[in-house]
Every structure is written in structure tokens, then in C-alpha cells.
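Shown next as C-alpha cells: one chain only, the form predicted alone.
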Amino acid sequence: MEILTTKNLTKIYGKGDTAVTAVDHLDLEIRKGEFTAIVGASGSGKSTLLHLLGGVDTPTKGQVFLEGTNIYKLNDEKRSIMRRRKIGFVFQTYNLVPVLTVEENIKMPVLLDGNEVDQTKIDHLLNMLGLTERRNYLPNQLSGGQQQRVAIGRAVVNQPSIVLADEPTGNLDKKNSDDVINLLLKAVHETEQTLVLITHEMDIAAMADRIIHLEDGKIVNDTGKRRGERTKKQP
């Protein structure tokens, strides 16, 4: 079952002779519960694509459907609500609120949505992420790996439909990188969520159910490992 679909998705920066096509008429389907890795050289359009999938950038043309809803037909307020409720983000730069503690950063999406915090769930997340003893620390009191763990907790706390991760290990050493990926996969698995992850590290991509290779904003190879399938190359 497809949870996210794009049709003719295109993003062009600039005009005329200086125009750059970052995402080029891309058709894509992401299946529910699947871990998809998107790989490609720098400038291939990976991060732009992820931002379009998450509704944080606006396409030049084309459509993105999340659970059947065309997210770019929504007004800004409704799209913001959908992002908060349906999409979890994990960024390379963590994007934590510096004046909030670990626990407060994780709780933030729940509180922004006006919902009551399930403290048992928060405690479980903190324990799973190895952050129980640091729940009252501020981000500047944490290592990079610990900050990224907080970002994972924040991304999954609302049990969104899909988690989008943009180079989540890009600022980490090998040990912390391995720890963060394993924790991210564990968190997504426990909450039965779909994961789309941008990475330049092929050992991380190899853990995915599916690997999509981008080049010049187009899919040049799409390999579904879980079923041993190789889907068609997109022209």
C-alpha cells in the first residue's frame, strides 16, 4: 500500500539560462512501513526532493500525495498542521530548541498540537534512546550523537505517518553514526512508521528495504531489496 506518491514532481531554481532543475518530473511511490534510502552525488537533488516530500518547500510543478491528500493543495496553516501530525523530520543539524531540555524538545510536537502528553510514552522513548539520565539537560550540554537521539525522539513522538531523515549521521563519527542509525530504525520499527532517509553512506543505504539512486534530479536506479525486485529505471 502506497503511503506517499509524487506525480511529475519538479523543482527549478532560477530562470532562463541560469535555471537549475533540482528535481526533474519525478514520479515516485513510497510503500507503507518501508525503509527507503535515497542516495546520489552532491547536487543530485536528494535534499530538495526530501523537502518537497515533507511540504517544507514548494514545487515548481507536480503533486505530492500523503495518505491520499495533495499536500500542495492545502493552505499554509493546514499544511503546517499536516507536517506536525503526519511527518517526522530528522535533520543533519539536529534543529533542537536551545532553551528547552531534552524532555521538553521531545514533547514539543505534542504540545504544539494542543494534546496531553503521555508521560509513559515519553519515559519509554527516553529510555530507548539512552537519554533518561539526561532528560533535564539542554542541547549545548550534549554530544552530537546525543542531540541527534533527541531529534529522533521528537520525530517519532507523535507517531507520524512517515519519518523523513536528511543525512542524520552527516555530523557524526562512525560509532555515533552506527548508534544513531540503529536507534532510528528501532524507533521507527516500534512505532510501525515509514522511513525515507537521505544518505551518502552506502553501508547505511544497504540496510534499507529499497535504495533509490538520484542523478540530476531523476531516478536512475530503484532497487527493492526486500522482495528481491529491481523496479524499472525512470527515463
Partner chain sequence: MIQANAVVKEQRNNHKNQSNDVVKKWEEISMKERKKISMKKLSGLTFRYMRYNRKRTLTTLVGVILSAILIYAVFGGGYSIYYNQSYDAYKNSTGWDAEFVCDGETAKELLALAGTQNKEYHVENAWIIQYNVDGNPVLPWGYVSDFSAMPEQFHLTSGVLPKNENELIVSREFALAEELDIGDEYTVSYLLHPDAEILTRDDMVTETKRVCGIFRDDYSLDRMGMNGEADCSKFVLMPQEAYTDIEIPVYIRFDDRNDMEEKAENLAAGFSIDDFRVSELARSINISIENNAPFLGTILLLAFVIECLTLLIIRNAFNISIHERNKDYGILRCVGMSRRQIIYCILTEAFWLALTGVLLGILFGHILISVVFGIVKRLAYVSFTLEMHFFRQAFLMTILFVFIGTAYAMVAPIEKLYRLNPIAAMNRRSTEKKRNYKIKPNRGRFLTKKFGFEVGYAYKTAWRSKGRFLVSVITLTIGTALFVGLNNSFDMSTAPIQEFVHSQSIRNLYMNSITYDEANSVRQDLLKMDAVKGVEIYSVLNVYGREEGDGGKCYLGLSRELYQRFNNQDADTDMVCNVEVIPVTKQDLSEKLTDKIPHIGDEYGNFDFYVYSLDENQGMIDMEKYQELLGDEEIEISSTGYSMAAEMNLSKSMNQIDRYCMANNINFSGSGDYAAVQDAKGTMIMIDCILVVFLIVFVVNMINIECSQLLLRRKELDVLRTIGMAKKQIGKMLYAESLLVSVLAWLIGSLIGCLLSFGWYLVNRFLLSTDMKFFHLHISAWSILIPGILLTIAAVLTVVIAREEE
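Keep in mind the model is a prediction, meaning the values are calculated, not measured. Residue numbers count along the first chain shown, from 1.
Not pictured, yet referred to below: the form predicted together with the partner chain.
Contact check for Leu183, Val188 and His213: none of the three has a heavy atom within 4.5 Å of the partner chain in the predicted complex. Contact annotation: of the candidates Leu142, Met128, Ile122, Met82, the single residue with a non-hydrogen atom within 4.5 angstroms of the partner chain in the predicted complex is Met82. Within this chain, Gln159 is remote from the site of the partner chain in the predicted complex, having no heavy atom within 4.5 Å. In the predicted complex, no heavy atom of Asp118 sits within 4.5 Å of the partner chain. By the criterion of a heavy atom within 4.5 Å, Asn95 is counted among the residues contacting the partner chain in the predicted complex. None of the heavy atoms of Glu103 is located within 4.5 Å of the partner chain in the predicted complex. Annotated contact segment (heavy atom within 4.5 Å of the partner chain in the predicted complex): 63 to 71, selected among 175 to 183, 63 to 71, 189 to 197, 203 to 211. For the partner-free chain shown, Met108, Pro109, Leu111, Leu112, Asp113, Gly114, Asn115, Glu116 of 106 to 123 come within 4.5 angstroms of the partner chain in the predicted complex, judged by any non-hydrogen atom.
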